[in-house]
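First, one chain by itself: the form predicted on its own, in C-alpha cells.
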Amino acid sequence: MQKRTNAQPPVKFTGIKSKEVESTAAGIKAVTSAVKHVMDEMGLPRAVKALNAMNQKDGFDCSGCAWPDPDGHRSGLGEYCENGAKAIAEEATTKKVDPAFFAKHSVEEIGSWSDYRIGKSGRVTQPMMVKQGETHYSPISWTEAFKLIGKELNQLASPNEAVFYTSGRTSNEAAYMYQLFARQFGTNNLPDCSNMCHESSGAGLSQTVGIGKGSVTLEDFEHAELVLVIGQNPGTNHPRMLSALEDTKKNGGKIISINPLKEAGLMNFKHPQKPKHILGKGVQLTDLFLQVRINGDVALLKAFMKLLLEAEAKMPGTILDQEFISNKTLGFEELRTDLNNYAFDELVEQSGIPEAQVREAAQMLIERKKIIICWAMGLTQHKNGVHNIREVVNLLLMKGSIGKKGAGTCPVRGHSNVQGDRTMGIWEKPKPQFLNNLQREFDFAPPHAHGFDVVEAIEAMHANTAKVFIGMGGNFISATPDTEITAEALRNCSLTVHVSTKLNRSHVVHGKTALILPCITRSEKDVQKTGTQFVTVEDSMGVVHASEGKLKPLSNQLLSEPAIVARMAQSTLMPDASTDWAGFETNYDLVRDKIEATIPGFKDFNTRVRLPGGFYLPNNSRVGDFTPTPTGKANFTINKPSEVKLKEGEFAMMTIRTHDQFNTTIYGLHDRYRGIYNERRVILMNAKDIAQQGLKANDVVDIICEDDGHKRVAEKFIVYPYDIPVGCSATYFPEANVLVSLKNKAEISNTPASKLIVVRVEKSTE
C-alpha cells in the first residue's frame, strides 16, 4: 500500500560545527572547494572537458546563475566560479539512478531522506512511472509515457485544468515550444520560477521604465561612480559578479552594500586567478555597509531622497538631474509631496541604520551621477516587493541615472535562463501582440484569458480545479511556499510529470500517477537526425547566445527538452500542418525561425546567434527611451514602507541559502562564509534576542508562524547567535518554506513573501 511521503526535509540533525565567520570571498578556499565537488562527482578527464567548455563562446552555458559572460575575452583558466563548478559537478555526475535503484528504494524510503541525499543519488537514466497504490517507480517506455500524457490531458473537462510549470534552466528553444504547446492545447497556465523571485522586479520596472529587465551591461560597471548592492549575496549566489564590482573599484568607483547580514562577498574579494590576490589581502569591495532591518529598504531609500532634496534646495540644479526629470519623467512633484509626509528621524529609525551612516551614504549619492543599483530576492520577496523596486527607480530617476553609460537598474537573476524563458512567452499574462503573432504564424486562436501563476496554480490544484501538473525542470515542492498545502495540491492531481535530470523531492510528492522524464543536460551533446544541435539562452543583461554541450550523454535513453516537448505535443494535439513538431525536434534552427517571426528583437536570429558571444536584445531603458510605459515617460511612483509591526516575542524572519546551495539544489552541508558547518536546521538570531527569549546558543526551538490565522510550525532548529539586526532572524530554505503562507505574498506581483515571515520561537519539548 502506498504511503504518504515527506513533503518537508526530515527533522534530523547532522552535527553542527562552528568556525569563524569569513570576511573574504573566493580565493584559494573557493578553488579547493570547487575541485573537491567536481572530483567527487566525475573523473578527471570528464571534469577537465566540462570545465574547459563552460561559459566559453564555443561551449555551453553554466546551468547556475544568469550573470553575463564577458563580451570580449574569456579566461582560458576557467570562465566560471566556485558555485558554477558545483553546478557542473551536479549535472555532469556519473552517478546513476536507474531501474535497479528504484526497485531497491521505495518512494516512501526516498522521501525519508534529506534533500542533500536525494540529490546526490545521481542522474535519472530512463523514463519512470509510479501509479496510485504502488510503492516503487518502475520503467516505462517513452512511447507509453507520451501516450499517457496525451490521454490525461485530453480527458480534462477544460484545458485550464492543466498546469505547465517551467524552471529557469530551460533553453529558449524548449521554452518557446513549451508555451506554444500549452497555448495550442488551450491555456495560459504557464507559471514559472520567475513568479517566485523577480516577478516584483518585472512588475515594478515595467510600470516605471517600460521594460521588465535591467538596463545595464557588464561594461557599465567599469564606468560607474557608485554601485549600490541591496538585498543580495553575490559571493554565494552570483560569485562572478565580484569581478565586475572589482572593476568598479579599480576605476575609482565606490560601493555601498545594504543587507541585514554582512556577507563575505559584499566585503572583500580574492580573485582566484590573480596570484597577488591569492597571496595578498585581495580587494576591499564595500566602502560603506548599511545593516538594514529586514524590509527597512523603502524607509532607507526615502531617507536618502529627502536628503537629496535638501541638498538640491541649497544648491539648485547641481544635485538632481533637473533636465532629465523635466524631459524624461512624470510625477516628480507628487513624489516630493509624498516625501514631505515622512519625518526623517522616523525613516531612519525604521531602517535600523544609525543616522550618521544614512547621511554618509546620502552624501555619496549627492556627489555622484553615474549610479548603478543592483538587487535580488532581498527586495523582491516582500509584500511591498514591487514598492521596493519602484523606490529604487525613484532614486535613480532623481539622479538621471538611467539610460547613460555607467548607470542604471541591475536586477540580478538567479536561474541561468529565467529571463529568456519570459522573453520566449513563458508567462501567465501574455501580451496581446505576442498572441496575435502566434495566431498569424501558426494559424490558431490562442487563449487570451490570464492563466495561473505559481500561487494560483497551487491554489487551483489544492481545490481540485487543476488536475494535471507538468514541470519542465525544477523541484516544485522544494521551491514553493506553504509546503504542506503545496504537497496536498500535488497529491490531488491525477497526473504529475517532471522533466528532470536528477532525482529530487518533487518526484516523491506526486499525483495519483507520476512520470519522471529524464533529459540531457546543458553540458551533454545533443545529436538529432539532422546533426548536432545547440540551444540558446539569455543572461541577466539581455545577451542571447548559443550553448552547445560537449559531453557524451550519461544514458542512451535520454531525450532533449525540445524533443520531449515536441513528442508531448504530438501525443496530445490534433495533427496540424502549421506546426512542424517533428521538424522542431530534429532541427532547432526551425524553432529559431519561428521565434524570429513572432518575437521582436530576433531579426536574423540563426545568423546572429552563431556569432561568438551572441547579441544584445533591444532595451528601451538602456538608451533612455521610456515611451513603452503607459504615460510615454519614466514614472516616479508613490510607495509604501514596511507595514509590519512586531509584537513582543515576534521576529521578522527571512529565508536564505547556504554557500553549498543553489536554489533548491543542495551541494553540501556547509555554509562556509557564515562559519556554519555540517548543519542546515539552524535559526540565526541576534544575541540580545536570544537572551531576551530565555534561550542560549545551541538550544533547539520550534519556529511558529500564525500570520494568516493558521498555525504553521517548522520543528527543531538550532539557535545560532549571529550578527543580524535585533528583531530579525534568518533560516535556510527549503526547510523553512513550510512557514510561508500562500497568503503572504507581494501586492501586484503575487510573489511569495519569503523574506519577511513574522514568527516566534518556542523551546522544543521533544
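Everything numeric in this text was worked out from a predicted model, so none of it was measured. Residue positions are given as counts along the sequence shown, with the first one as 1.
Keep in mind that the form predicted together with a small molecule is missing from the display, and what follows is about it.
Although the partner is absent from this view, residue 585 stays clear of the small molecule in the predicted complex, with no non-hydrogen atom inside 4.5 angstroms. Although the partner is absent here, residue 749 lies well away from the small molecule in the predicted complex, with no heavy atom inside 4.5 Å. Under a 4.5 angstroms non-hydrogen atom cutoff, the small molecule in the predicted complex lacks residue 745 among its neighbouring residues. Contact check for residue 238: a non-hydrogen atom falls within 4.5 Å of the small molecule in the predicted complex.
Between 440-448, 486-494, 687-695, 258-266, the stretch whose residues reach within 4.5 angstroms of the small molecule in the predicted complex through a non-hydrogen atom is 258-266. Of the listed positions (417, 295, 208, 201), a single one reaches within 4.5 angstroms of the small molecule by any non-hydrogen atom in the predicted complex, namely 295. Interface residue among 116, 677, 581, 662, judged by heavy atoms within 4.5 Å of the small molecule in the predicted complex: 662.
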